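Before any questions on how it binds or moves, here is one chain, the form predicted alone, in structure tokens.
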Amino acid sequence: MLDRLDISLRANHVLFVILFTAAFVFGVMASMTGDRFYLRLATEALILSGLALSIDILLGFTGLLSLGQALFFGVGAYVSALVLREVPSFWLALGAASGASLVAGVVGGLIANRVRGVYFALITFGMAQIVAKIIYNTRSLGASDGLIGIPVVEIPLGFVTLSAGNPLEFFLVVLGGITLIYAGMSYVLSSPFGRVMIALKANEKRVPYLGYSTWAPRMVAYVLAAVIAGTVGGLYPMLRGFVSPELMFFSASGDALIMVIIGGSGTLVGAIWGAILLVAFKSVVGSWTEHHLIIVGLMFMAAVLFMKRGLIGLVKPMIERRLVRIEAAREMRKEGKAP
């Protein structure tokens, strides 16, 4: 019989399949109509959803509020850009971005995991601000102007070669990458070690009484979130052709946090839905008024006050009840009790 976590994860999978299908159909239709702008915008939304998903791993499952997650996104973006300017190789740039964010995640985790609560949030904020300021004042990294002139790369996938310059092809590559990240994290969270990570949010003080360390799962969660943020950050210069210190500013981390809250914390898929909805909302409202951030702020306040489980929390319980009924009927058939 499935427990509550298994049912919750399966409901997340249903919502992700819906999202994947809708995204795929949107990409094909946008390509057929020649709408490059919205296809590029959707690709950016998917990349930012990876950053939001990394925050959800910390906040939604281990109870760690990071206010500087954009640090690793920016590290991945800058390392990828530097590699691409020297050697235009997709896999080399993405591997370098992941490796750099892994190292940064280990160093940052050793510092941040010494404290708890609001002090953890402040330390993550401080680290991001320090690194952003260093890059902002480093002329060899473009200083405040950032790095420009990132070449368009080919993406060899064994049986076929795609191009980052083709809006549909790169959109599908990013969609596939987000799918792999979601699947990998779902597997980790459903494992025994993942359940220990989740237990930290429920009651960290009781975890040692079960015979488990609290430091190790916190550290692993932090490093995993850093690698995910850095990996999707490595895709950003391939899309936009430039990087800037603004990718590490608090506004980037704040936007990703808003995406998680609006979509639904502790669901993984909610972070992706939230990123897509917020990017689309800012694009539409931003075309009407330059004061769109006021509306985004009001929307965030409404989500906190009236939708504590986010938008996903409005539909997920219905899916969970349906899955419970299906599982109960399956068990009855196994026992020969079904009519």
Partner chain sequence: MKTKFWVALATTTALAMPALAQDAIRIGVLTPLSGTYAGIGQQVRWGLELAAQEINTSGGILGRPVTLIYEDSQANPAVAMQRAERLFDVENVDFLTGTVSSGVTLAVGELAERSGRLMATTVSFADSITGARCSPNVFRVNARAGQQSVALASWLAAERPDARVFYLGPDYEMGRSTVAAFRSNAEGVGATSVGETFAPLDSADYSQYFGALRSARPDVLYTSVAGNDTVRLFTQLEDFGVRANLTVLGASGTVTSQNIAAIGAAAEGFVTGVGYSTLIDTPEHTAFLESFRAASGGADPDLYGADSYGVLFAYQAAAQMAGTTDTDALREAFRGLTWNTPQGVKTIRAGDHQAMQQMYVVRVEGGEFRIVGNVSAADAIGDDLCERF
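Positions refer to the first chain, counted from 1. These numbers were taken from a predicted model, which means no experiment stands behind them.
Another form exists, predicted in complex with its partner chain; not displayed. Remarks below refer to it.
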Check your understanding: Wondering, does Asn166 line up within 4.5 Å of its partner chain in the predicted bound form on heavy atoms?
Key -> no
Check your understanding: Do Glu204 and its partner chain share at least one heavy atom pair within 4.5 Å in the predicted bound form?
Key -> no
**Study point:** its partner chain contact at Ala22 in the predicted bound form, heavy atom, 4.5 Å
**Key:** yes
Check your understanding: Looking at the partner-bound form in the predicted bound form, is Val304 within 4.5 Å of its partner chain by any heavy atom?
Key -> no
**Study point:** Which of 105 to 113, 178 to 186, 206 to 214, 240 to 248 sits within 4.5 Å of its partner chain in the predicted bound form, heavy atom basis
**Key:** 240 to 248
Review point. Within 4.5 Å of its partner chain in the predicted bound form, do Arg36, Glu44 and Trp273 each have at least one heavy atom?
Key: yes
Point to revise | Interface residues of 126 to 145 toward its partner chain, as seen in the predicted bound form [heavy atoms, 4.5 Å] | key: Tyr136, Asn137, Arg139, Ala143, Ser144, Asp145
